[in-house]
Ligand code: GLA
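Here you get one chain, nothing else, as structure tokens; it is the form predicted on its own.
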Amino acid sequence: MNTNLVEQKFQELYGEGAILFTSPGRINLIGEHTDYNGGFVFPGAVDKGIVAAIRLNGSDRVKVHALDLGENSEFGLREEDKPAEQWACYVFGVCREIQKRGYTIGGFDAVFSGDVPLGAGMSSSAALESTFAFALNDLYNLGIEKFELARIGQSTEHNYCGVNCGIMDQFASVHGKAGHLMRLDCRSMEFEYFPFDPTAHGYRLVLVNSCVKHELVGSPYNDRRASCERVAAVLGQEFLRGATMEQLEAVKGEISEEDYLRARYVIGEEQRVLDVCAALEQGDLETVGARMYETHWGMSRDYEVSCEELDFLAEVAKECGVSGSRIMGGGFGGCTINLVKEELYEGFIATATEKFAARYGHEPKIIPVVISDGARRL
């Protein structure tokens, strides 16, 4: 990420004295559609994110320049001052959510830029929120705990950007730690770090972006969530979390075939997250990869949130000897995340690019990622 360009633009617009802050995008190695079921997710921060140059200006006005868009926004800090620009609502929302929690902040000047690929499911919006939440906490010495900074980002999405997201993206962006993934319990909100350094074991982590986003007819996310809630109710539980396959089989006659398949995926996915954590503690990345494939085909066949292009990429990965490959994110398009042995990497990328282009008429985007630190002052 080019911090020099951000600094130069700040000096050009506002003069000297800016301080640089950054927050990363994220990947989720495994644990998909488990968050709203009270289960586990397993994200990590990556080496791509947002960087911002910020300086307090002593007024009650905020001036922000989005370098990648070449756009400016200026706004006050009252509720009625919400800016017209969609991107600026993320910055405004963070300011308002900090104020709603009883903290006093003032105006500032800022320039930001990012290298999180858009549409790849790596949470560029969470990186933007986390950058400004962390920076304002730091610059005003507010003393806000990290988890509350993540909640500020989540509340920004809910209240100012119209996205009813979970906590995972902001959590990973704030709490990221180089060489580690984080297992977050979405029921208790407890988390722990697990060492994850693929290069030390001769592997690489790479996203293959299909550049496809299918139009979602109806409300597929809500439908799947409702399926899970119905099965949980039959089992006498609030969430599917903690349910066993034996319990599911016992009530199979009382639920629809579709609800059965949805629940089978979620119960299996919860176990796969725990299996992956245990495998990482043993340095066993082949088991990690095997569970990734299981997740992919579970999402494709039982949860039905894959698409032809992503299934094709997972099949090509398997043919190339890739240790693990799966859809990353909610589904219906986007990326696969792939765990690849170093010696197979170049061959896999060349084959996947060539075969995908031959089948679909455009090349996928290749995005290598390294697990990195979370929000920080540079």
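Keep in mind that what you see is a predicted model, and the values were worked out from it rather than measured. Residue positions are given as counts along the sequence shown, with the first one as 1.
The next section is about a form of this same protein that is not shown, the form predicted together with alpha-D-galactopyranose.
Visitor: Okay, which stretch from 159-167, 138-146, 191-199, 246-254 lines alpha-D-galactopyranose in the predicted complex, with non-hydrogen atoms inside 4.5 Å?
Guide: Stretch 159-167 is the one.
Visitor: Give a yes/no on whether G38 approaches alpha-D-galactopyranose to within 4.5 Å in the predicted complex, heavy atoms considered.
Guide: No - in the predicted complex, heavy atoms of G38 and alpha-D-galactopyranose never come within 4.5 Å of each other.
Visitor: Counting only non-hydrogen atoms and a 4.5 angstroms cut-off, does Y221 reach alpha-D-galactopyranose in the predicted complex?
Guide: Yes, contact at 4.5 Å.
Visitor: With a 4.5 Å heavy atom cut-off, would you call G321 a contact of alpha-D-galactopyranose in the predicted complex?
Guide: Outside the cut-off, so no.
Visitor: If we define contact as a non-hydrogen atom of the residue within 4.5 angstroms of the partner, is G347 a contact of alpha-D-galactopyranose in the predicted complex?
Guide: No - in the predicted complex, heavy atoms of G347 and alpha-D-galactopyranose never come within 4.5 Å of each other.
Visitor: Would you mind checking 305-339 for residues with a heavy atom within 4.5 Å of alpha-D-galactopyranose in the predicted complex?
Guide: G329, G330, in sequence order.
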